[in-house]
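Two forms of the same protein chain are encoded below as structure tokens; each is given separately, as structure 1 and structure 2.
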Structure 1
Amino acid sequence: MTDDTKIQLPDDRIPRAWYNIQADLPQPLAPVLHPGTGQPVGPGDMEPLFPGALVAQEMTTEREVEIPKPVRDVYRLWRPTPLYRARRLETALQTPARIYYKYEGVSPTGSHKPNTAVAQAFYNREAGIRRLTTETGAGQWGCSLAFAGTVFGLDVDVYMVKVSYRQKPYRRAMMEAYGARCVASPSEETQAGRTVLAQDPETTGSLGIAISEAVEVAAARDDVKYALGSVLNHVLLHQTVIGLEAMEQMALAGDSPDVLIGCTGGGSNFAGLVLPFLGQDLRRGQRTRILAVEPTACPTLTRGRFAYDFGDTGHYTPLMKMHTLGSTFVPSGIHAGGLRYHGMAPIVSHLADLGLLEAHAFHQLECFEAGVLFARTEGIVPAPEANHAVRAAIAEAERCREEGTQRVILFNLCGHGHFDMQAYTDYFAGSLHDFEHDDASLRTALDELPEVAAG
């Protein structure tokens, strides 16, 4: 093992290809279905929304997908990201475990999201697209696509859920600093928005409505496409730069992880870290423990059903087989906004169904407690989402102490908390509390799953 606390790759070690887990899956993914016909969708069904290169990436089973040089050139602004050995945290926990974390907060927007935003903007520009539309809740994804858009000269329209648009003006200002147009959703710009406003002019919006607006605008024009920040196969593919770098860094550290940990909302930062390790395990017949960590208030993997469901609440998307709480499930207002999603990436869901990962749920307060311990030992204030991974890593390290075992833990610290300090303010003021999910509302949402789910 190295004595270093930081393991930094040289710039020429930015991966040259993304890793595609579909090449190594023991069973293929279930097909995506057209909601009208119930039949598998083909490339032609997706091309109104995505350029051909991304549709091909969504479906390919090639193991490696080359990263275009212009994308690698932009990655170089912040990649390779550092891998740290959390020595001060280990000391504080008095654990024999060795804890490592990959830190994605060094990107210009402070999280892992630009890894896919940059790739998506590049392929759209190559396809002659002039404008991208997307939705954003808390704003992390909207900022990242705005950043990628300005780098590749694309206009970006972000439909931001109205309640966040009002409550999080800093994220909106960042999108505008990057030159994107940020629109409060529902808006008067789309039929979907106008319909909702006609029914309830005072609505504060929802992610489902914002998706509908972004999709409607993209579908209507040939030179406008839509971009999504998680869930889809090509998004997870782009995020594998995280794990590919981490594998090299762990080798440089002279160490090998026994446990891999990431937090899961739509699943992309988690998958980005673990898929390259898992693929190697599958090819070699090995097994590394993999932990997906989610909030108790939105327990998609631990309490959801593995079934066909819509990706949005407005039911504009195709049907994907995934772990879902039902598209009508509304999670409690926890501060980890990036983890408040009813569904889960089909790839992550499939792995859970195959028994290739464990899922754990943690409460909000214990996650903030972990994040504060992390800040006070390692010096980085994590995003509320990342605190879930920190919490699970600490739980593992504490188990190692109790058992007297020396396991090697690697987790993904997917972003810093500089835009989320209100959550810490509330935590220190004692005004945060834990939420259980609502059993009755979960049952209702699961009862409303589309019929194909039964098939």
Structure 2
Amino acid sequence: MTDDTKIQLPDDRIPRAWYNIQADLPQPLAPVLHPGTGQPVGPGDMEPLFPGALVAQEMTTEREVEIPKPVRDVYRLWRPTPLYRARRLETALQTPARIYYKYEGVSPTGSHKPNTAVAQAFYNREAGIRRLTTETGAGQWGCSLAFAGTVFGLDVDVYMVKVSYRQKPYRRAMMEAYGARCVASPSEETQAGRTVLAQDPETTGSLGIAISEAVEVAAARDDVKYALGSVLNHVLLHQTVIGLEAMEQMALAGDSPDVLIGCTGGGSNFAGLVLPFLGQDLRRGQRTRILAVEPTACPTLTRGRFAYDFGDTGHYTPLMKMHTLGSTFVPSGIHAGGLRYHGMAPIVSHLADLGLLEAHAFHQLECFEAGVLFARTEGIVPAPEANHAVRAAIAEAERCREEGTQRVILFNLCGHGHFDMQAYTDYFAGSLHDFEHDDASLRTALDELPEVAAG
């Protein structure tokens, strides 16, 4: 075991292929269904929204997908990202556990999201597309696609969930600095937005609504495509550069994780770290403990239903089998905007259904408390989303202290909080509150699941 605190790979060790967990799943994913026919979708059903290369990646079961050289060349701006041993945090917790974190906040936009934004922009550019539409919650994805659009010469329209549009003006400014147009969602620009506003003019919005707006615009024009920052198979595929690098770095450290942790909203950063390790476990017949951590205010994995549902509020998307709170669910306006989504990636949901991961939910106050401790020991102020992973890692380390066990904990610190300082200001002022839904409020949206969910 090395004594190094920072484990950095050479610049030429950027992975040359993404890893596809579908090649190693003990049972295949449930098919994505066409909402009109109830039949599995084919490539032709998806190509109005995505270029052919991304549709092929969505459906492939090949274990490796080569990363194009132009994508790797852009990755070199920040990849490989560092792996750190959290020694000062270990000391503060007086734990025998060894805590490591993979830090994705060194990217140009401060999060893991460019790993897929760059790839999606490249494939759209290659297909002759010149404009992309998308949605964003906290703004990390919107900033990342705006950055990628600048790199590959694409115009980008971002529908940003209204509560985050108001909470996070600097993320909005960053999108605009990269040349993107940012619109508060729901908006008057689309039928989906106008319908929601007619029902509730004061709505704070949701990712499901913003997705509907972005999809509606893309579907109406042949020269516009849609880009998604999480949930879909090809998005999780692109994020596996995180875990592939981390496997090499853990080997350099002379350690192997006993516990893997990631925060989960749609599932992309969690999957990016976990899937390469899990695939190795499945091939070798091994088992690593895996924790998926979410907010109690949007408890998709811990209290949602594993069923077929729409990915958006306006019901423009195909039906995916996933853990869901219902497509009409509108979460409370917690600061972890990237975790406020009603559904979970089908791959992550499938792994949960197979018992290959544990799901845990935490309140936002305890997560901010963990983030502050992390900042004061490790020097990095985490994004509110990443605080959930920090909180779970601390809980595991405290458990090791109580049990006297020496486990190795690895988590993904998916982004820094430099554009989220209002959230910390609110936390220190005592104006943040915890939210937890009662069963009745959760049933409202779940009762509206499409009938195929019973099949």
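All residue numbers here refer to structure 1's sequence, counted from 1. Throughout, rigid core stands for the largest set of C-alpha atoms superposing within 1.5 Å between the two forms. These figures come from a predicted structure and were not determined experimentally.
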Which number, 1 or 2, marks the form predicted on its own?
2
Would you say whether Arg85 is displaced between the two structures, judging by a C-alpha shift of 2 Å or more on the superposed rigid core?
no
For Asp353, decide whether the Cα shift between the two structures is 2 Å or greater, given a superposition on the rigid core.
no
If you line up the core, does Gly193 shift 2 angstroms or more at its C-alpha between the two structures?
yes
Lys162: how large is its C-alpha shift between the two structures, with the rigid core as the superposition reference, in Å?
4.3
